[in-house]
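Here's a solo chain for you in structure tokens, the form predicted alone.
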């Protein structure tokens, strides 16, 4: 985990102090996209090899849907209530 934070800090420092040209920024963008595709591929392959995960996929999907739905619902209710209370003109 420390390695990730070190590289993240290095990237922030380089990005904030170095004035990269358009070609370098374009190359960086392409490398980021390629890295993301490799990451997604290897994550998918590790999920596909996990037998217990595949056997529980239906349960995991239902739980995920319930969490996402409840989070969205309560977010909407909270924002609606906050808007009514603080931002509506009398």
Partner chain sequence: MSIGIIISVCAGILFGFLFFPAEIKPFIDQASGFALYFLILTVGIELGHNRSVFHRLRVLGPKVLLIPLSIILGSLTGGLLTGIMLNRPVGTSLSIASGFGWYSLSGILLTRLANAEIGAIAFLSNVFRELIAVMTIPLIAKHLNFLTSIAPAGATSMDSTLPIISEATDSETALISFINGFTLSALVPFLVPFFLNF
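Residue numbers count along the first chain shown, from 1. Definition used throughout: the rigid core is the maximal C-alpha set that superposes within 1.5 Å between two forms. Small disclaimer: the values here were computed from a predicted structure and weren't measured.
FYI, the form predicted in complex with its partner chain isn't displayed, but the following is about it.
**Student:** Counting only non-hydrogen atoms and a 4.5 Å cut-off, give the residues of 28 to 61 close to its partner chain in the model of the complex.
**Tutor:** 28, 29, 31, 32, 33, 35, 36, 37, 38, 39, 40, 41, 42, 43, 44, 45, 46, 47, 48, 49, 50, 53, 54, 60, 61, in sequence order.
**Student:** When the rigid core is used for the superposition, does residue 79 move between this form and the one not shown (threshold: C-alpha shift of 2 Å or more)?
**Tutor:** After core superposition, the C-alpha of residue 79 moves 2 Å or more between this form and the one not shown.
**Student:** Superposed on the rigid core, does the Cα of residue 65 end up 2 angstroms or more away between this form and the one not shown?
**Tutor:** Yes, the C-alpha moves 2 Å or more.
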